[in-house]
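Let's start with one chain on its own, the form predicted on its own, as structure tokens.
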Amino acid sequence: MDCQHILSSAQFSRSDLDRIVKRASDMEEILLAGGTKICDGKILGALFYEPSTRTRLSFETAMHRLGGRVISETDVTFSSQTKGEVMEDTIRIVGGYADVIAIRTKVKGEAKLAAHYSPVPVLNGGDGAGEHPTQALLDLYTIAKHHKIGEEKLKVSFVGDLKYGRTVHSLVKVLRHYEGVEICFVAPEVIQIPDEYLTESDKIFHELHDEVVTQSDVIYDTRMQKERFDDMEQFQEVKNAFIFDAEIVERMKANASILHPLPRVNEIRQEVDTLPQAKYFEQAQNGVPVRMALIAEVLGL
């Protein structure tokens, strides 16, 4: 793994993933003990040019729990980019203020561009419809806490907007490193997973078949990415394609997990929240120890 930057799930090897999961587990223990000071004197620059709650706040919380500090820019309206400043210049400047940068942009590939010009490590917090590698790592961490991934057969089904869902794109790449993982993609044809993420062994469904509900060990649900649709009529046609309610989730295996990167709209009813399969709030909390581990990794601590 190129430890200078975290830009894509494709950069991780199996040994990288094992190390990150182990370090995140250690960070979770540190959190329970009240945190650490290993980043004392270090500054995280948080540049979020697209709406974010969990990713931005968990990055900032992670840095605070490591003993560091945070400077942030969360609204492009108040950024010098409104004056015409290019991303390259913004990154050079912020890289002079901070020791590490977490960035979210609306443009696919822009995190990679930022890393090219940054004098400090860059962590991709989501680049348009591209990738979201740190989310994939916290998703993996959540799965590993509840399932013996890589040791036993595991059926993982992705449901929802698979065309624009960057969290899906990143997690799929991570799961390919583990033997025994069977992957299913469930989506209307117009938002089905792009071919570049498919292998011959994957299964594709356009409806929520009984096989998916009753046989999956992990169901990874996503919202329809309204902001990325060019055709609003198309969005209206698919926005309610899949809705998980208590009746459906109770048909899942008792030890299965339903995950969601959040925010949800109406694709998972609130009545599901108290069921044992619902792991999405824990999943969001896992963002803190995982991002603590990643910050420490790129800073060489």
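This is a predicted model, so every value here is computed, not measured. Start at 1 with the first residue shown and count on from there.
From this point on, the text means the form predicted in complex with N-carbamoyl-L-aspartate (NCD), which you will not see here.
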What I'd like checked is whether 155, 216 and 277 together line N-carbamoyl-L-aspartate (NCD) in the model of the complex, meaning each has a non-hydrogen atom within 4.5 Å of it.
no
Contact segment among 194-202, 106-114, 164-172, 142-150, judged by heavy atoms lying within 4.5 Å of N-carbamoyl-L-aspartate (NCD) in the model of the complex:
164-172
So in the model of the complex, does residue 135 come within 4.5 Å of N-carbamoyl-L-aspartate (NCD), heavy atom to heavy atom?
yes
Residue 42 near N-carbamoyl-L-aspartate (NCD) in the model of the complex, any heavy atom under 4.5 Å?
no
Should residue 262 be classed as touching N-carbamoyl-L-aspartate (NCD) in the model of the complex when contacts are defined as heavy atoms within 4.5 Å?
yes
Though only this chain appears here, would residue 54 touch N-carbamoyl-L-aspartate (NCD) in the model of the complex if you measure heavy atom gaps against 4.5 Å?
yes
